[in-house]
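Take a look at this one chain, the form predicted alone, written out in structure tokens.
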């Protein structure tokens, strides 16, 4: 019987954390065991902190509940949502790794058209470790994939690409629809497997879904704040949308890339469309003004870190979106609280914590 000459180490095993928000036992990890077991897990327990969450044996993990969040962040815990999957961003905050992969607990291993199980994490790692091409669209999609390249007419000066900060994956089975679409298409399932990875062009926003997402924590982590959602807030199910809009604007400003497409996961459970509508209805209305706001944002040249960009964006949220609803004034304040919490727990990334939006704004002469 042959024995391998060397042990194969999973890619980025020491440089990546897997963040999972949950309210239930994590039995779903059994299906992911062969892919996830070499990595460290950060589990963020939402809801009742007295409830015990069971994690299958053999996984290396930390588990944080609301009591832990309050203890670690103190008064800054106000920026972390309660009774909403937006609480996952606490895991981004306390991680010390270079990369993050986050997944929901109703997502399972998908299979490609040949029947092969898809290692979603490995594909995210590949996406993040290869460049993006946000300034010129390649009609063969990702030129860094095996069997592809830059097509005729693609500028040689742009072929080095830029560092990829975000890898956004997709889903088979239950699509990520809003409540009105769920109600109109209750039986629709996604069976289309598109074997492609695309760079989202500079200046183009996208609806980011947090259930199958990888990102470079050091480059864009401070912008991956999932906002104020859930308990006590007028809106839900827009946590990942908000993070995606903010992060994309900041990636464009900092010259970073965002990819979408592969990998696929199997999304197993459709949430209740009537419950979703109650959470979403203000967001559906507000987004018609929110999206033009993000499309028009121009950040100052002296915003050279994601923290500085995010504080400037918070100021603009207060100024431009505040008149829509008082919620946006509160949100902008917690965006700054988030940055201060990030700097406190990650002091090497940006030492300049900002006290409030008014202090961050240029003084009028």
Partner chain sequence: MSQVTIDRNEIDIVIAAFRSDLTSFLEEWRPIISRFHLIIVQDPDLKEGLKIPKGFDVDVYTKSDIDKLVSASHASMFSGYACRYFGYLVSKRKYIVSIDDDCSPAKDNNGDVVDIVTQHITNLKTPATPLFFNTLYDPYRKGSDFVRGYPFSLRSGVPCVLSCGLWLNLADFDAPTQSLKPELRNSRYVDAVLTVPKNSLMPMSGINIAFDRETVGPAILPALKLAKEGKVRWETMEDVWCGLVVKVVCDHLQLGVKTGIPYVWRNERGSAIDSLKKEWQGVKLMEELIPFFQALKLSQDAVTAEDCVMEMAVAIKKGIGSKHPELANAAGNMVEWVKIWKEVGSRVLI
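This structure is a prediction, so every number in the text was calculated from the model and none was measured. Residue numbers count along the first chain shown, from 1.
Below, we turn to the form predicted in complex with the partner chain, even though it does not appear here.
Proximity to the partner chain in the model of the complex, defined as a heavy atom within 4.5 Å, singles out one entry of 235, 73, 125, 200, which is 200.
None of 108, 281, 293, 150 but one reaches within 4.5 angstroms of the partner chain in the model of the complex through a heavy atom, and that residue is 150.
Looking at residue 192, you'd find a heavy atom of it within 4.5 angstroms of the partner chain in the model of the complex. At the 4.5 Å threshold, heavy atoms of residue 119 stay clear of the partner chain in the model of the complex, well away from it. Interface membership of residue 196, defined by any non-hydrogen atom within 4.5 Å of the partner chain in the model of the complex, is confirmed.
A residue is said to contact a partner when one of its heavy atoms sits within 4.5 Å of a partner heavy atom; residue 180 meets this definition for the partner chain in the model of the complex. In short, of 75-83, 94-102, 212-220, 180-188 it is 180-188 that has heavy atoms within 4.5 Å of the partner chain in the model of the complex. Contacts of stretch 114-150 with the partner chain in the model of the complex, defined by any heavy atom lying within 4.5 Å, are made by 135, 136, 137, 139, 140, 141, 145, 146, 147, 148, 149, 150, listed in sequence order.
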